[in-house]
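Presented as structure tokens, the chain that follows is alone, the form predicted alone.
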Amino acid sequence: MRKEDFELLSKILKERSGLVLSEDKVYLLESRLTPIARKKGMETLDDLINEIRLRRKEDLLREVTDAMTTNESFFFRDNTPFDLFKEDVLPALMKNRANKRLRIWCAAASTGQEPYSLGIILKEMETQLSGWKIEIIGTDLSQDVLDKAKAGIYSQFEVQRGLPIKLLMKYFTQAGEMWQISEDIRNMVTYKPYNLLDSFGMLGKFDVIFCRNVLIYFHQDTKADVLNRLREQMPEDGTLFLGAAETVLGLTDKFKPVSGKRGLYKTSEYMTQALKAG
């Protein structure tokens, strides 16, 4: 790929999604965009790039952005965040929320495995959560992956990745070679297309935000901006989950890592009060 073509695509992706590509990611551009060129009857990736340069059609730019920002997801990914949610975060919220309301945001929901994993945890605890009003919001930049998430239909390979067989048999129905998650779990999640570069104000406040394995693709300034705006969507005792390779250190002072609990962050105000309380 020519340098000027890489620079064009990189600029478009950063402006539209915040995604920052280093020059060693040329292979990623080629592998994800070549199928788009073929689908549109073009002979080469160069033809696709020329079409983008000449016309800048919104539908084509959206398709390119979706292809580059769609990330891998699987059920109960990395396990630890879900264990911490169930064993630490949720009990504290159940104790401190007199109004029995809980709002959770999965800020990079992809094809739905993360919000549905949370839905399964909450469904397993439905006796303890009787009378609670619970909302799970899943957002992603790509409408295509959100459509798949809404359908809740996964291949054998997808359900085998991280999903215990007991939960597969309990909450999924097999249809040929595919598996569909139960309607009860699907109804627990609302999916919306959303760009993390946009204002979060219209989404409202959240007790828990999962924003995992997405900040790693952003420039430092964009990471800091997103983190600061996430804080504005939380109460003082709000909880943030980031991916194992992500951190708030050097980016914002609005969150602090919780010692010994990888990927779990609390607001700075909460941590200061907890320290004073001993």
Ligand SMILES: C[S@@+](CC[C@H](N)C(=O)[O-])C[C@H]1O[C@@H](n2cnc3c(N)ncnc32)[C@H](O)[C@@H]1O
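Keep in mind that what you see is a predicted model, and the values were worked out from it rather than measured. The first residue of the shown sequence is 1; numbering continues from there.
The next section is about a form of this same protein that is not shown, the form predicted together with the named molecule.
Non-hydrogen atom contact residue 185 with the named molecule in the model of the complex at 4.5 angstroms: Output for residue 185 is no: heavy atoms all beyond 4.5 Å of the named molecule.
Within a 4.5 Å heavy atom cut-off, is residue 145 in contact with the named molecule in the model of the complex? Within the cut-off, so yes.
Quick check on residue 197: any heavy atom within 4.5 Å of the named molecule in the model of the complex? Result yes; residue 197 sits at the interface with the named molecule in the model of the complex.
Distance check, residue 77 to the named molecule in the model of the complex, heavy atom within 4.5 Å: Because a heavy atom of residue 77 falls inside 4.5 Å of the named molecule in the model of the complex, the answer is yes.
With the partner removed from view, which of 187 to 195, 171 to 179, 93 to 101, 129 to 137 is the stretch that lies within 4.5 Å of the named molecule in the model of the complex, judged by heavy atom distances? Of the options given, it is 187 to 195.
Exactly one residue in 49, 251, 214, 29 has a non-hydrogen atom within 4.5 Å of the named molecule in the model of the complex; which is it? Contact with the named molecule in the model of the complex is made by 214 alone.
Out of 8 to 26, which residues reach within 4.5 Å of the named molecule in the model of the complex, heavy atoms considered? Heavy-atom contacts within 4.5 Å come from 17 alone.
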